[in-house]
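The chain below stands alone and is given in structure tokens; this is the form predicted on its own.
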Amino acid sequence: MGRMVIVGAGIIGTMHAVAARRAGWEVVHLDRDLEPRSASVRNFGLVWVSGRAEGDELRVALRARSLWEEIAAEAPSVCFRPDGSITVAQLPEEVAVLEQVMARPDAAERGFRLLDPDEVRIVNPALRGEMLAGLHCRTDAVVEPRAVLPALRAWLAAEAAEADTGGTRSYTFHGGRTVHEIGPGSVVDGAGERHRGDVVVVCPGAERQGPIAELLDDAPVRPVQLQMLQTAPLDERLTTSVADGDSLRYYPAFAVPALAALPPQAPVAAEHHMQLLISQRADGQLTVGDTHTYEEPFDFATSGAPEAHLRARAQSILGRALPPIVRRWTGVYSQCLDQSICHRRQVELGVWIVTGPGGRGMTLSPAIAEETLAQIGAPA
């Protein structure tokens, strides 16, 4: 059995641990935080096939969607729910985009259906606001972002405990371990402990400090900050996740000729590169967002104007007031500057870095990890 040391316990790093264990590796897993608390837990929990670009990105997304379902069957605490999504069109120009999307050859593969307002409300009765049509995507799904990482680690630990013999620990997690040194087959943490392995895989998220900065010296990635909020529980279930017409501007799946005819966004939405997404947590709370900021330095505070816009957009689709806001936050993720699905590179013998999926990390992570393992090869 080969041994892999994984640095980073966000969703990308954790899925590499899952893929490595499934491939027969012994895994030592480290993170700077006692419990990861960056972008992997500050998101919607969406497994979002609908917006992915045609071709390779869609292929990876569909493979990841399949892997999520397999993993959830063994680790049900990730709370995987194949709820699908509805993208709501409130303008004729948005309907024209959806009609052209439906005419694309991959529409059936994505599980798309174009619904009129009555059909939308049959699929999701909670959507009682303004709409002309809705794009139903049956392949989209959702997990619990604050639960998925500890759930996966607990599953890995339990699975390893059953498999371990002769004192060998085939999965070990060390939280609260800042990495001070990374080299071929070796990682030294802040406690001075050296962790040895046949391969080191670094999944740093947006982290760019210390030895990780050296590995990212010429990497074509940038940080992106987002702003989101969470409400008290809604007193009914959203049977799908929800997106608004501004999401058509953001996701590459909707890059059809009719997109050019969309009217300008509201000034606050354009300034903050906004779209509306809504997902519902298992306890009924709504996660609502989001904004995108690309220029550093990022402000540490959330902004009131985007929040007001998000609330108004959400209420126009739901046809009712949102429950009170109970939590607000910002988050930062790493995004590739080119068209790559992620930045994956062997930076030196036996040391790989994987980062930069942007807002696609929760969606694509199982397949990204599987492809990394394929490139590394079988354990020695």
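One rule holds for the numbers: they count along the sequence shown, beginning at 1. What you see is a predicted model, and the numbers here were worked out from it, not measured in a lab.
Although not depicted, the form predicted together with a small molecule is the subject of the following passage.
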| query | finding |
| --- | --- |
| Candidate from A253, C203, V88, V97 lying within 4.5 Å of the small molecule in the predicted complex - any heavy atom | C203 |
| 4.5 Å heavy atom contact with the small molecule in the predicted complex for all of M131, L310 and A314 | no |
| 4.5 angstroms heavy atom contact with the small molecule in the predicted complex for T293 | no |
| Non-hydrogen atom contact R65 with the small molecule in the predicted complex at 4.5 angstroms | no |
| Any non-hydrogen atom of V332 within 4.5 angstroms of the small molecule in the predicted complex | yes |
| Residue contact check: F44 to the small molecule in the predicted complex, 4.5 Å heavy atom | yes |
| Region of this chain that lies against the small molecule in the predicted complex, out of 109-117, 123-131, 225-233, 76-84 [heavy atom, 4.5 Å] | 225-233 |
